[in-house]
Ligand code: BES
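Encoded as structure tokens, the following chain is the form predicted alone, with no partner shown.
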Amino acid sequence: MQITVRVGDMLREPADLAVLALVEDAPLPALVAGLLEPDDFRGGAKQSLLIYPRGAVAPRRLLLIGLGRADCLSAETLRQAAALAAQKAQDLKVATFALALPADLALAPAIAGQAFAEGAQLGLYRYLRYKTDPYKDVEVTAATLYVGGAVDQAQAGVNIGLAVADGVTLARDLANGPGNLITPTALGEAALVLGERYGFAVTVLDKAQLTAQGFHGILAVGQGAAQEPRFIVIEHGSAAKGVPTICLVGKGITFDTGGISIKPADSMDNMKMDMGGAAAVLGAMQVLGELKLPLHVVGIVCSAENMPSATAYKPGDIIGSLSGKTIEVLNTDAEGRIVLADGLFYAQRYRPTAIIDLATLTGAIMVALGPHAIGMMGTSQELADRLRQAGEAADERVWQLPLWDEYRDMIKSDIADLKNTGGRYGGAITAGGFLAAFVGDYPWAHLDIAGTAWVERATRPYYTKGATGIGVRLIVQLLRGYVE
């Protein structure tokens, strides 16, 4: 989508659809007030009203969208309003629309521009790649954003927002893709495409290379599948004095049956999204390539299929890992932490400023936090605080859980160094305790996105059923904080 920022009176400019975004109980412009009864529109959050002004203003259609109370206004409010506006344009089969913000909007112009672009672009997202005869909507190709001033700042924000939205779209496309086509090999190919486009250094290790280099965790999880595992490293920038090195590690289980500890059949089809963490890493790397942030960022994807077969790893097995630590397998459906163990240990060789992993890791986090928050734990309070602040700014919020020694003790094994599950109670935290054993002394945070990476219904206007692309906006916001 092309978005242009302007200053002016939108109501005097011809348009197929013009959108007025108004805070609650704000006075309507004089040209509009006469078209309504007093209580027709109050400006409550997400309230909307479509008007055909019949020449009273220059646009053919006028949509009023409420932003809610002025003292509660945020970037998320505007993001959702922009999504609703773009969707209404699509419903009305118009290719372009304009939206005017309140002149006294209590948001910095760059933040407003970014939020508008993200909402408008993501609000139009639909996954229709494999429909042979999809319904032909009119494509919304352009929008104009009217602001009270600081056009250059707002346009810069728009450009960032479009780049971020494109990264989220990549993550959604990968996680929505069917497991027979989005395989570990396909994730490696996606990384290579990004490398060619943005000049990233990309390494994709195949099964033979994983065997030679001792990636025993990933190999164990993938040994029951016909699709071979892959370990993917994608590097933006390079290590330099004064430049932070951030390692992003994504769980890339492209389909998860549970293995021998097989999952119930109900909703197993959704387990194509068990690579949502890997998708978020690749999406964030794309945004980095577009924004050219002066950072050293290493994206690491640990990818395999978890399948039951005669060659699959089994409950009771003891397996190795890249670190040399041994793991007692109690449940083959706790596979994500095993592949991440190899990726987290690998990340240490970059001597990073921070290691952050993203993973659809546990059902327990869904029980604890539902679909509204990312579970977070780690070894650095400074990093946790940075992520919390970034989550509030991006509205991909995180909630910190404890990682006390008692939880780490719960995953110690009697016959190996670790066991891959600590039992039912505190399951999201004990999974974090398992991962903590592989990060050394480096600052690390674990983001469990199992409850937020997939929705069965749109809980926000810029979501649709399926993958949300959660994590991309959060990570980009965090990385920009290291620069700013």
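All figures in this text were calculated on a predicted structure; none of them were measured in a lab. We number the residues from 1 along the sequence you see.
There is also a form predicted in complex with the named molecule; it is not shown, and the following applies to it.
Student: So which of Leu369, Ala334, Ala98, Ala225 reaches within 4.5 angstroms of the named molecule in the model of the complex, heavy atom to heavy atom?
Tutor: Of Leu369, Ala334, Ala98, Ala225, the residue with a heavy atom within 4.5 Å of the named molecule in the model of the complex is Ala334.
Student: Out of Leu291, Val204, Ala364, Ala312, which one falls within 4.5 Å of the named molecule in the model of the complex, going by heavy atoms?
Tutor: For this set of options, the contacting one is Ala364.
Student: So which of 118 to 126, 356 to 364, 180 to 188, 101 to 109 is the stretch with heavy atoms within 4.5 Å of the named molecule in the model of the complex?
Tutor: It is 356 to 364 that comes within 4.5 Å of the partner.
Student: So in the model of the complex, is the named molecule close enough to Lys251 to count as touching (4.5 Å, heavy atoms)?
Tutor: Heavy-atom contact with the named molecule at 4.5 Å: present for Lys251.
Student: Flag Val287 as yes or no: does it have a non-hydrogen atom within 4.5 angstroms of any non-hydrogen atom of the named molecule in the model of the complex?
Tutor: Answer no; every heavy atom of Val287 is more than 4.5 Å from the named molecule in the model of the complex.
Student: Residue-level contact is defined here as any heavy atom of the residue lying within 4.5 Å of the named molecule in the model of the complex; does Leu210 satisfy this criterion?
Tutor: Heavy-atom contact with the named molecule at 4.5 Å: absent for Leu210.
Student: Does the named molecule come within 4.5 Å of any heavy atom of Met271 in the model of the complex?
Tutor: It does: once the named molecule is placed as it appears in the model of the complex, Met271 has a heavy atom within 4.5 Å of it.
Student: Decide if the three candidate residues Lys263, Thr421 and Ala450 all line the named molecule in the model of the complex, where lining means a heavy atom within 4.5 Å.
Tutor: All three within 4.5 Å in the model of the complex.
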